[in-house]
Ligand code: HEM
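This document starts with one chain, in the form predicted alone, laid out as structure tokens.
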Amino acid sequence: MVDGFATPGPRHWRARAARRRQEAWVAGLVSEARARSSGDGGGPPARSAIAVVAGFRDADGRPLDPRTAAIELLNIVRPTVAVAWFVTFAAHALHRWPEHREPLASGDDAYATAFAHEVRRFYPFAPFVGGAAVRTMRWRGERIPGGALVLLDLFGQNHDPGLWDEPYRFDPARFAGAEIDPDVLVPQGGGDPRTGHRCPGETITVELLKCLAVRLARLRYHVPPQDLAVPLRRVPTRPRSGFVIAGVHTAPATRGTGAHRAS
């Protein structure tokens, strides 16, 4: 479902089919959870995502229908899976610029936050987002008819030299102690997530990426020969080889050997 994002052709249709299958499966899980909660079989843990969604009541006191509940659950799972793309980009960045490994591995929260923001700014997970104009309007002298498709150039804005100093240099320090303007850094859309095209899970993405990037920086591994080019014609993009690592070893919690693909 994530790999078919904003993509025409076979990948898009496979993603739509996968979403239909998952919605039907999760709707069944919601119905089962409700039946077990109301019976003697017990239900899912009270604070689990499925328990919260299955037990939710709208303003009229009615539960969500199973399909809507399934969609809401997938709206949690799908973006969480999408963070794997950013983790792969983090591995790519640490390979290209290993000087960031030591300060990231130290566990300094401010540095990890800055690193996460720079990964999201620098790498083009989603090059653009689109939306339909709700009414006819003018913007900077240009007439936009109601219903027209409007594209926000995320990659272009995040690399605009008028907004960023040396935009094609990977530099987490640009975010060190800086106040982040949400209308300037837009890797996951712009505007207010309650009313605009900004991902409502952006803060979760940042926290997950911080945690996983620190763990990645603490790993010791070998990067075998592979194609690490990041094609800008693919949406969502990633290194052509994913990111293959071998001979992983570090702290007891992350022991392992063999080859692993960070994508």
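As the structure is a prediction and not an experimental result, all values here were calculated from the model. Residue positions are given as counts along the sequence shown, with the first one as 1.
Only in words, not in the display: the form predicted together with the ligand, which the text now covers.
This chain is displayed alone, yet in the predicted bound form one of 42, 224, 231, 200 has a heavy atom within 4.5 Å of the ligand; that residue is 200. In summary, among the residues 167, 79, 182, 103, the only one with a non-hydrogen atom within 4.5 Å of the ligand in the predicted bound form is 79. The ligand in the predicted bound form comes within 4.5 Å of no heavy atom belonging to residue 144. Proximity of residue 189 to the ligand in the predicted bound form: non-hydrogen atoms within 4.5 Å are present. When contacts are judged by a 4.5 Å heavy atom cut-off, residue 112 does not count as touching the ligand in the predicted bound form.
Interface membership of residue 27, defined by any non-hydrogen atom within 4.5 Å of the ligand in the predicted bound form, is ruled out. No member of the trio 93, 177 and 213 reaches the ligand in the predicted bound form with any non-hydrogen atom inside 4.5 Å. Contact annotation: the ligand lies within 4.5 Å of heavy atoms from the stretch 191 to 199 in the predicted bound form, the single such stretch among 215 to 223, 231 to 239, 43 to 51, 191 to 199. For the partner-free chain shown, nothing in 160 to 182 comes within 4.5 angstroms of the ligand in the predicted bound form, judged by any non-hydrogen atom.
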